[in-house]
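Same chain, two forms, each on its own as structure tokens: structure 1, then structure 2.
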Structure 1
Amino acid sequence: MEIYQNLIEYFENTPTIIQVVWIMSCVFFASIVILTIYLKFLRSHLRKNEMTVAEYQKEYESDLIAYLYSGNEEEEISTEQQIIIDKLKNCSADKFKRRIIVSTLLRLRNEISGEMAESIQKLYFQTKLVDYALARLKSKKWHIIATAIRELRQLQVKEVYDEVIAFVIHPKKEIQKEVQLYLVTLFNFKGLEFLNIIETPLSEWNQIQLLEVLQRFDDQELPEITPWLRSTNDSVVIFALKLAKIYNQFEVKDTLLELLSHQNKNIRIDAINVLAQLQVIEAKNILKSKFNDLSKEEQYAFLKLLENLYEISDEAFLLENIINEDFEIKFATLKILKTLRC
């Protein structure tokens, strides 16, 4: 007690700045102790949670495998399958368990194919899990909507097309991306019809992802891309140019020639590159006649085009540009001229 009183007297007699330092030190020490205890509790809780998740995953995975192998040709749903359906349906009422069931379904869906994959999708409907996903589409939180659309895509649920397409012009880019991937993954080239609707820019990353998905379906017929090449949305035009290049759309050459006068320089350059690949001779004559009015990037692109389309009649044009002040143009011109004279 005497020590305690001495400490109080010492504290009261010290300068104010020292008192503040002591108070702050005590507060920091208390905070560290509390945080340490909280972190230990949190780590213990996470460990326990991981163990619980692992147990449920093992249980549900066993149920799913049993469901897949307990069917028979005589009944659409066997007695064993119905028991599993009822169990999973009841468990799905719990949000925590529902997440584990869905993640287990997705993991198993990615590991199998054919009739078994279709059975997984059928189970998704039988357990009413699809209803929970559709309910999340009504959420006011964008990330919940995005994850719901992703889940529907990963489980190949085509039946909710109308519900998903409603979000194609959603202000959140993350939701737009998920909708676009849903449409293209499940409906292939037909899913590109959203390009007729969108007004916001289609990001470069989105374009790459969409093209990657589309290239898995080589047997699909590409729809008419002319409306997209004439879109008022520049990013849609750029994406359509990529489609024209990848799938060698020679039939749209007249529209591509129109794009040589587009107000967007990047579109003009991409159009030149596509015309070069398609070897459209008309493009050479148009660009050669206005070569000096082109930007440097367009001039480089044109000379790349000329490498494959040069003729004897182009020699005069090439000779004029040997003395061009730009080294790259001069070098490209000399390269073509050397090939022409060989």
Structure 2
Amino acid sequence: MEIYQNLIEYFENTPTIIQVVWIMSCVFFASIVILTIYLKFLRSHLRKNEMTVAEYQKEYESDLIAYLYSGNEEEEISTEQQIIIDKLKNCSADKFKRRIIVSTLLRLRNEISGEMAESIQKLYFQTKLVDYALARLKSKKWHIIATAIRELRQLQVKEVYDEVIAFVIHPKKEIQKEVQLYLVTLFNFKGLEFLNIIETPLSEWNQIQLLEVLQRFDDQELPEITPWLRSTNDSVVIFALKLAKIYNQFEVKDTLLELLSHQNKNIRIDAINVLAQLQVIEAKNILKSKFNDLSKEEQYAFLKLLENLYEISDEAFLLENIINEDFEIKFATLKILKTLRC
């Protein structure tokens, strides 16, 4: 008691600045004690959580496998399947368990195909998990909406098209990206219609992902891409150029030639690359006539084009450029000249 009074007295008699320092020390000390105790709890919780997740995953996985193999031809849903559906439906009421069920479904969905994959999708509806995903679309938090769309895409739920398309011009780009992937994954090239309306840039990352999805389909019939090549959104033009290159769209040759005069340099370069692949001879003459007005990158791209389309009449042009100051131009020119003379 006496010590306590002495401390109070000492504290009251010290200058304010020292009082502040002591208070700070006490706050720091208290924070350390609280965090130390919480850290112990947190680590135990994380470890326990990992074990629980693994246990549930194992349990749900065997339930799902049992569901897949307990069907029969007489009934739409067998008794054993109904028991599993009821169990999963009950478990889905719990957010933690629901997340594990969905991830198990997704993992299994990716490992199997054909009728079994369809059964997984059916189960997604039967267990009402789809309703939870739809409810998440109404969330105010962007990442919850994005994960819901992703889940609907991965489980191939085409029925919610109207609900998902509402987010196609959402201000958050992560949501937009998920919507785009949903559309393309589920509706193939038809899903690319969002390109007609997007005003925000389509990032390179999104473009790669979309093209990867498109290439997985058996039906590789590309729709008319000219409107996209003429889009006012430069990223849409760049994406359409990638489509033209991958799917050898010789039909859009004239639009591609128009793009050689586009105000965006990257579009001009990509257009040259596509024309090079399609071996459009007209491009060579246009570009050769204005070679010195082109940017360095366009010049490099043009020389790549020339590698495939050179003719004897190009010799004078090539000879002119073997003394070019730029190493890469000089090197490319010599390479073409060497092939020309061999």
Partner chain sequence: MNASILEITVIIFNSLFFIFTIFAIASYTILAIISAFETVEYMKKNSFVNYNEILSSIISPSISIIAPAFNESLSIIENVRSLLSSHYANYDVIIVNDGSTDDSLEKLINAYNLVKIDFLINEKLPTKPIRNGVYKSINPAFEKLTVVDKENGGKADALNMGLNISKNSYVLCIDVDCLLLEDALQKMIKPFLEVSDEKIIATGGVLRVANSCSIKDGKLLDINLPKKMIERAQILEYLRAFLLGRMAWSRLNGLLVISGAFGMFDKKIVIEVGGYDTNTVGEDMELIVRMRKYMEEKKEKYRVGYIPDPLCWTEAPDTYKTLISQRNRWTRGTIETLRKHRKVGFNPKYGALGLLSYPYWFFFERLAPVIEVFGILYFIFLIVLDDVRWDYTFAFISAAYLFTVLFTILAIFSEELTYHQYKKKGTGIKLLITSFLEPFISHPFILYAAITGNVDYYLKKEKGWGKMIRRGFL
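Reference numbering: structure 1, starting with residue 1. Just so we're on the same page, rigid core means the largest C-alpha set that superposes within 1.5 Å between forms. Everything numeric here is computed off the predicted structure, so don't read it as measured data.
Asks: Quick check on the two chains I just loaded: which one is the form predicted on its own, 1 or 2?
Replies: Of the two forms shown, it is structure 1 that corresponds to the form predicted on its own, while structure 2 does not.
Asks: Core-aligned, is the CA shift for R109 between structure 1 and structure 2 2 angstroms or more?
Replies: Where the cores coincide, R109 still shows a C-alpha shift between structure 1 and structure 2 that is 2 Å or more.
Asks: Return yes or no for D94: a CA shift of at least 2 Å between structure 1 and structure 2, with the rigid core superposed?
Replies: D94 C-alpha, core-superposed: shift of 2 Å or more.
Asks: Is the C-alpha displacement of K290 equal to or greater than 2 Å between structure 1 and structure 2 once the rigid core has been superposed?
Replies: No, the C-alpha moves less than 2 Å.
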